[in-house]
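Here are two versions of the same chain, shown separately as structure tokens and labelled structure 1 and structure 2.
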Structure 1
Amino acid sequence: MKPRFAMLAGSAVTLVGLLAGCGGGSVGSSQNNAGNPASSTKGVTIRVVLANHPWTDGIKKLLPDFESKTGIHVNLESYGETQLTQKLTTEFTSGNSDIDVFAQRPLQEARLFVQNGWYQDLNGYVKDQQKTPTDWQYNDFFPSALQTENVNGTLTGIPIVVEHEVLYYRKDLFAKANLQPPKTIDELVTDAQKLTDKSHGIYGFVARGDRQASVTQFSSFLYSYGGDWFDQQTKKATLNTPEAIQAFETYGKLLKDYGPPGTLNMSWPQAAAVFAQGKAAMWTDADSVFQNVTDPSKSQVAQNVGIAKFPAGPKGSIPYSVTSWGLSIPKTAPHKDAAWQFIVWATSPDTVKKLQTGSSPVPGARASLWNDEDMKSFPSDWVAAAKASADGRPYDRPLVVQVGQARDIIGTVIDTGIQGGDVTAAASSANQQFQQLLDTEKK
């Protein structure tokens, strides 16, 4: 009996401790409100909800710096990206969330969240010199990255990770075939044909084919052919324009004729695995996942991976250049000032520099840190390709509220192309559905 009692007593003490901890935090914040902003947040505990991402791993290691500097305690949670969206929508819908900071995918969620009034507009914080030190340098963020975060005048978040679509290729296979990495999409197609050697299990090209996941990586093909999802002025869907159909057909042909079997179920992890196992000569995807193919512990071809700017179509090379992740404050956050202090610290030049030069470097959104010295942890051809893509399109999927539906509609055309079906018919039916979707959002 005795040990059990001891255990009970122990847990009771812990419980009391926890209660005391919480109480202390809130009392501290309300009492000191009159003083300067830095001391008013001392002792506050904020709840930060992030995604499973190398950026999160990096920031976790740096957290003690922030906690000792500000006296703010951080309770950090992290989830897979789909689970994160689910978690956030469920909590915000219920109306009594106590999240102070969350990581968001601005292109996927921001319009939906703005629609529901879930954001604290950060414009006020950025301009307030009481709350934001001048050496934080708001203007240092890439304009395209900030544009992604800006939804109808609301600054929904501060960018933490930027992303561009690039071309990964196998240097050894290109050298053996006496080829140069493709500069245009036409060259990409002929090179893919030449490098496909199915009897040896080598495929010329691999990319995402999954209905939802493929849309973003298809976008650079669409833009470079001169197409777009819809006309932003007239709100007319443009999925069945000749340019779009050409892009759908090319992407489909590449995966159907020169891609491995099973691309229809591939998102980036599957496509990266095919490339890392040495089964594909080229792969187009986000530059942010490069370590999956250049890290020798993950990739059998790490030594032979080359990275180049996305090849040009008839309208030139137009890859997407977007903020894939940002940090936001919900309208319901109980400790907004402390939350903002956390964001300022996590996106400060100093912290971003540390994250960029760490062992698993994450490309940040600050232009001043994209010099050779601060990018030394990245492969040099990666830096060149990413820099050359910085002025690309600031979106990789249509800018609508109903992103999920839109991706399904567009992905169906992509999948039709991969299966060798009638792309023109699929595109015009998709265009009709997409127009209906746009019409519901017009009001």
Structure 2
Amino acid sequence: MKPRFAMLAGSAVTLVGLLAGCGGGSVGSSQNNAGNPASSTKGVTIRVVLANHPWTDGIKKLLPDFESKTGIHVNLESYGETQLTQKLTTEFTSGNSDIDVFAQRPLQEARLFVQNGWYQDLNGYVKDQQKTPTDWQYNDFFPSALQTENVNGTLTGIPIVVEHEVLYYRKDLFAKANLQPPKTIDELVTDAQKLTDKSHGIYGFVARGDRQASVTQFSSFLYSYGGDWFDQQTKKATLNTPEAIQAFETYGKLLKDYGPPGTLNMSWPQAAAVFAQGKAAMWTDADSVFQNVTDPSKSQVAQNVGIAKFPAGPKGSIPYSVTSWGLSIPKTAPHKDAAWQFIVWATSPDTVKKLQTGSSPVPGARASLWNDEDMKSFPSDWVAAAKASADGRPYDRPLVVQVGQARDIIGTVIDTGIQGGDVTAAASSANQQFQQLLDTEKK
């Protein structure tokens, strides 16, 4: 798989050349910048608002290094994904927020935040050689990651985490049942049935069932069945196509028949906990959260966890492959230069490597660090699954401004399937609602 990632790294150079012509440009050194901060930023305290995520856990441990090098103090806050979005929206709407740096999901917030003028466009910082010396290596980020962060000419953030949906499975339970990890979704359903033993508290499958949270993980099922949220050319909703209905029904059946109680209230932490406690045989979710089930201090089944590529549907295995998180500066930030120093440091090759090769590794967005040596902190089957997923779909939710409302609409169909309701009727109703949303966004 090495040639594919070498090609991606080379492609990044081409992309940067294109971005330079529309406001991007040359870059600079995180080490020089962080080691010799402008006198105007020394002693400054910046407010950094992040998500509860393994990346945040890792960066917290490295903050003393940044503070000692720069003289900048960091007040860090972290919230759950939904709470983070609510806080950002509330503060930015008020117009007097004192947030300097925030974590954002480019596929979730970027279009709305750009429309509302809440971002500081980072193109100016990227091309400023005084603030960003060349060894920061902007052209080292994956092209798709940078494309995700560029919305209508605005560089909304710098990518920090890339994710793919993978299959986690219990090697011991599969061996006991004389089964191999499923290569197809049909096999996934069959294996879930065989491995469900409710009398002993073992369920064949667990995944997100919460209405909004489930949409991103359902996406890989949808794509692998040949469906999508809407037609990109005609802007016509496609939630009620035969392919989409089959995907909704399959995801619902897995959680209804072979999932644990309380699925409708589960986002990734709850689903991960069920798997980590040894109560589920399989779990599909982002590869970036693998530490929650493979770390012996967090998981009762850590030694028996296997990781495989997302199983194939009728159209093959098409998992999402996305930039899930980036770091941004709001337009209202009181300390923009200090905020940029933090972002340059947090996304520098040195820091990304520490996060990617440390005791709690997180997959970063720098192409040069995705070779076998730099990925040694990850399980070998994790690396194989992630690399095999690199050509997946670059979005895990509809690419719309009102993405929260879209996820609510789609989530109702997923919930209907989990509860054993009429999926076809629910999909038809959801398709009408989603089409109305799409129509409001047509220019």
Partner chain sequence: MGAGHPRNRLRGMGFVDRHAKWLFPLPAMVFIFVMMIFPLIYTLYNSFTGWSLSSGAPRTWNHFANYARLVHDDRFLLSIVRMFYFTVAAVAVELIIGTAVAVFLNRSFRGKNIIQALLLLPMMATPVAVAMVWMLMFEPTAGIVNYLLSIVGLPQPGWLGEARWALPTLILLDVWEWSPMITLMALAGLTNLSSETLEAAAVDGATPWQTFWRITLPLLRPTLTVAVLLRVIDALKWFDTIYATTGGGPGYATETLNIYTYQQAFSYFNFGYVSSILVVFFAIVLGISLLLSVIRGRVEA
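Under this definition, the rigid core comprises the largest set of C-alpha atoms superposing within 1.5 Å between the forms. Residue positions are counted from 1 along structure 1's sequence. Nothing here was measured: the structure is a model prediction, and the numbers come from that model.
Enquirer: So which is the form predicted alone here, 1 or 2?
Expert: Looking at both copies of the chain, structure 2 is the one that matches the description.
Enquirer: Please determine whether Ala312 and Leu167 lie in the same rigid part of the chain between structures 1 and 2.
Expert: Two-body split between structures 1 and 2; Ala312 with Leu167, same side.
Enquirer: Please indicate how large the rotation of the smaller rigid part is between structures 1 and 2, in whole degrees.
Expert: About the hinge, the smaller body moves through 16 degrees.
Enquirer: With both forms fitted on the core, how large is the C-alpha shift of Asp128 between structures 1 and 2 in Å?
Expert: Comparing between structures 1 and 2 after core fitting, Asp128 shifts 7.0 Å at its C-alpha.
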